[in-house]
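Listed next as structure tokens is one chain, alone, in the form predicted on its own.
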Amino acid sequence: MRITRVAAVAAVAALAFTVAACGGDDGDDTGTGAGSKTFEAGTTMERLNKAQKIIIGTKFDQPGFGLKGLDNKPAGFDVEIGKIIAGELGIAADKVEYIETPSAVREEVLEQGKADIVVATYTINDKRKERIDFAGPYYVAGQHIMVRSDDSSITGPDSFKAGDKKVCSVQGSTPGDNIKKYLANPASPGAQLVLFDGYQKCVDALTNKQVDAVTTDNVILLGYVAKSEGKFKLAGEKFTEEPYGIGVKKGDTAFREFINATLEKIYADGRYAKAWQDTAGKFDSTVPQGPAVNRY
């Protein structure tokens, strides 16, 4: 039964791309209008292409992945991945609308139709897959800890077990859940774990010495370290693996497979590497190898 299901999913994705190829695509994936690409009737791809608009949920407070700039627009690796997907749908970059999706509301915006996809340092896990589906992964991060540069007392997550250090993370995030097991009282962290709705508030709390550390994924913290003018550093080593996926509405198999095929395409043609180099690569120059997508 599973072989039949996987074959059917592959056929759906293949059909979508076959129809698109017959639509006269000239190879320009920046999105040149509805006439440049054609998709199977009734699919999300067709709906978005005809509308010539896509709403992408992303982060607005994470250097290198999704950070809102002075021009009031987000920029980063996740934003670039979103643009590429839009381009493959025949939608121009200026027709993409970005909405802020803090960790706690990512499933909600997809369920309520407020976003078409969510590309927001979004760790794939089984609990989330009960509510939404994931394409990807497109990147594998690892949880890390950031401290003030003059603090040598924290060397890794085990440093929190004594209970005398406060750590900050974000509500509804995987790092916020992961760090609990290292606290003095994992079942009831109390004041030792400070949770905000965004990481910039954690960074401010670290600056003001309201907390002793901030924990989230390594590449996000590298961005904050780079922007801190020497105020912050990373402590210890990565202690988890966090596969980032692209959230789509539950049950939209054809759209998920379209995005998976897009990811594999850009791994091969160099657009993935360029997206990294132009964004997160400014903090981590090692271009990651695109991970194998999970066609569940």
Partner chain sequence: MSVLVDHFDVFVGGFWLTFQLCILSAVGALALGALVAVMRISPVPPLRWIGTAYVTVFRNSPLTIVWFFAAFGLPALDSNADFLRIPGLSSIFSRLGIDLPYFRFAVIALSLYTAAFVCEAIRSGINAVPPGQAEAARAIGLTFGQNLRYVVLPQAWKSAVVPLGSVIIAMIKNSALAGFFGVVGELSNSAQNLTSALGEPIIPVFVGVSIGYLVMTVPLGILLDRIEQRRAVAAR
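Everything quoted here is computed from the prediction, not taken from an experiment. Numbering follows the first chain given and starts at 1.
This protein has a second form, the form predicted in complex with the partner chain, left out of what is shown; the following refers to that one.
> The chain here is shown without the partner chain. Which stretch in 216-224, 84-92, 154-162, 186-194 comes within 4.5 angstroms of it in the predicted bound form, by heavy atom distance?
So the stretch in question is 186-194.
> Is there a heavy atom of residue 127 lying 4.5 Å or less from a heavy atom of the partner chain in the predicted bound form?
Yes, contact at 4.5 Å.
> Is the gap between residue 149 and the partner chain in the predicted bound form 4.5 Å or less for some heavy atom pair?
No - in the predicted bound form, heavy atoms of residue 149 and the partner chain never come within 4.5 Å of each other.
> With a 4.5 Å heavy atom cut-off, would you call residue 79 a contact of the partner chain in the predicted bound form?
The answer is no: residue 79 has no heavy atom within 4.5 Å of the partner chain.
> Can you check whether residue 201 is within 4.5 Å of the partner chain in the predicted bound form, heavy atom basis?
Contact with the partner chain, yes.
> Within 4.5 Å of the partner chain in the predicted bound form, counting any non-hydrogen atom, which residues from 143-170 show up?
Residue within 4.5 Å: 166, and no other.
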